[in-house]
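Take a look at the structure tokens below, where one protein chain is shown in two forms, each on its own, as structure 1 and structure 2.
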Structure 1
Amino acid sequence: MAMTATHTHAPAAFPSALIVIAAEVLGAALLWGLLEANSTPVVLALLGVMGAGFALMQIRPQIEDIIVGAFRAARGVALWVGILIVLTYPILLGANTYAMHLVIVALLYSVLALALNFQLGSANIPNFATGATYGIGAYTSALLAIHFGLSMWATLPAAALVATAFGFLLGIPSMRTRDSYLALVTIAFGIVIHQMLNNLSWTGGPNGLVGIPAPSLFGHSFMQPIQFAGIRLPPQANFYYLALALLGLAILSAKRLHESRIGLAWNAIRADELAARSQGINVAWYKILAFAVDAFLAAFAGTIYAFYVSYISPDNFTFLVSVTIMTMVIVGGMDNTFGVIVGAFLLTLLPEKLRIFSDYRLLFVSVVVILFLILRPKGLFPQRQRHYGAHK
């Protein structure tokens, strides 16, 4: 009987694995194409291919169902193939330091988008202050490193604690407002933080902070290239793997939180706040917790960014950053971890690759985003029903 069961399920698993491998390799190839493309027609052609793919899935939903089912059936294959791709990706980029820089920034923005997704996607809380907590984390770690000689590893928890405290400070008064008024409170908070960074002398004012020391790990400075098995990667690869590790932590945190009582409470608040309160859910506490989680992860991203670029200024943490992060969540697909990451990469690469349009590139990027939202009104990868227990 056991042999019969195995024989029955093997043919179904094999195509699933092939679909998963093909999808991940295709995604990696499209990303590589966008990173390496120096010609605007090539970039537009790649965007056209992506748009055609999403349009096809919108017209034929069964195609998307097949792909999702394949990833669910071959989850182990998807995980290990994905790990292999991301670990070897710097080798594919070679000496293209500009492409490596874009990937690092996209990874950090993915963390910020996942942090905001806990609020906007899971609990439907509009927050335009993610850029502010991102800056708080960056400035806290940079000040501790410059003035007290602390290593990046020591400043990480300190920056997270400071930003989380600010998250609570923002969340508590925000509970007295709702909807558009709540959004206005977060906008005001972001503006206040930006003005403080811009005007206080100990933050460097508009000139920012210069000379943030490069981190090291087990005697290996992040300013040195990585050499392994005859392969030599540029120094940026150190920060690539560090940002990748942070994104992995954020993905794991998202998975654990979404499937926990906290995630279910956030979803209940998003669906109907009054009904959630009537069921005994402490709405105010869970909303404040969402602010704190957002700030905690944003601080980690801010710290890595500060040590990566070695110079930060208030211009790195403007209101536009918060708007961009929110757009990433909406375009990618709210409350969908993978979709949010895709949205972060897309909106990090597009403004850079469309610089040929000069002053009109932001307008062009906006048009591309609107077209994608027309093709996929609920985001590129909409939220799907979660499965628990035996159906997980």
Structure 2
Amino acid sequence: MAMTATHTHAPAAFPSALIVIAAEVLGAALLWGLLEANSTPVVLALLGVMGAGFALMQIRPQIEDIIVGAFRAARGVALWVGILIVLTYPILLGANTYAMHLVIVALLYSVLALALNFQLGSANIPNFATGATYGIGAYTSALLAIHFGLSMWATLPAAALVATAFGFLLGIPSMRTRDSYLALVTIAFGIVIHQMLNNLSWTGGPNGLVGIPAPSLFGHSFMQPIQFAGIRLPPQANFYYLALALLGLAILSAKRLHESRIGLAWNAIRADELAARSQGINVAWYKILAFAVDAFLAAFAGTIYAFYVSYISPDNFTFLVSVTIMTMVIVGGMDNTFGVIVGAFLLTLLPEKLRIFSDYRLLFVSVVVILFLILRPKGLFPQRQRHYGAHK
């Protein structure tokens, strides 16, 4: 190739801003196509296009470097165009409530995947209990709303508090156990929570909790459609923006944590736990902290999910949900915020869009996951090298 791009600068022939805008519009268009597609050949063709894109990047890593470099060079443009696209996205989807529902669920799963990423991606702690902390958050706020009439805004901090307490609790065994042993502790914790939800009478048992009231904000009920400047959006748009705000919060905390000493300490633990300890890093504390941060964000996601669907049951929070979240992180790319979000969207949309295969769709999804792991072993968007304080 003629273009010998360095890691940080795109060649002058292509202004970074143009590359950034093109990439973001293309991404949004691909997602829109996937959401709106109703026929199997179209879905498969779109997946083929995506696969070809990643295959191209795998063969020619320079292309990837150019795009990453462009995003780094034109960060302001990337941010504002991105915000513009996500804010206007509901207009693009219009009255397609099913597509809107999928996007909301994908947004919540993105938050969960980011929450797990603090442990799995940053500190290499295998946690199979994200589904459980998600459930604790959902049940706490649902119970408070049903029995005490608390509004969603009041239950949010309460659920986060309860789930974080559980996160600390779960973190304690992690002080001594490692690797597969730690993985089993989290699996066991997740199963215990799921079984309790399934058996206790005050959690509704296997029937779950129904009739969670819809939230409202400044007198605007979330059951009402949004009307703004002549545009009318379905009621789900309320939850779209709410989930979006939460994802924004999650991305921001991920970024802040990554650039802080905490993120550095997590990465040090990932690289070599013993060496990290020798450097004076309080390994036990940072591990527990990773569990607490995960639980905190997962509880937020759980609360919004509970109020959005207004019905929760233990089946929403099984071991397999935790496994799905973990798959999102690994397929997307560990410790790469954007990659994790792409992984979450892909693994939420794929099973839904492959409903045409009905009985075979789970089979299909698991085969796709295995293929992804084999063909692009570091995830769709591998973590970039840390550039701690490099761009100042």
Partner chain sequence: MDSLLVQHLLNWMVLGSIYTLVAIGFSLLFGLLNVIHFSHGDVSMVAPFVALASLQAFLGLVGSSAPAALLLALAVAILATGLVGIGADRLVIRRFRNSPAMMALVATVALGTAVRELVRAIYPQGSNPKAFPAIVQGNVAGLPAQPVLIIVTSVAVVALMYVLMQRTAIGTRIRAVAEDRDTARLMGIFPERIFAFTFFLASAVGALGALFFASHAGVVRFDFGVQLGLIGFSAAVIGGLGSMNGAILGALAIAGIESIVQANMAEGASYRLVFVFLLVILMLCVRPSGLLGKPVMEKV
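The structure presented is a predicted model; accordingly, all values stated were derived computationally and were not measured. Numbers given to residues start at 1 and step along the sequence of structure 1. We call the rigid core the largest set of C-alpha positions that still match within 1.5 Å between the two forms.
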- request: Working through the pair one at a time, identify the form predicted on its own and give its number.
  value: 1
field: Core fit, then residue 25 C-alpha moves 2 Å or more between structure 1 and structure 2
entry: no
- line: Shift of the Cα of residue 370 between structure 1 and structure 2 with the rigid core overlaid, in Å, rounds to 2.5
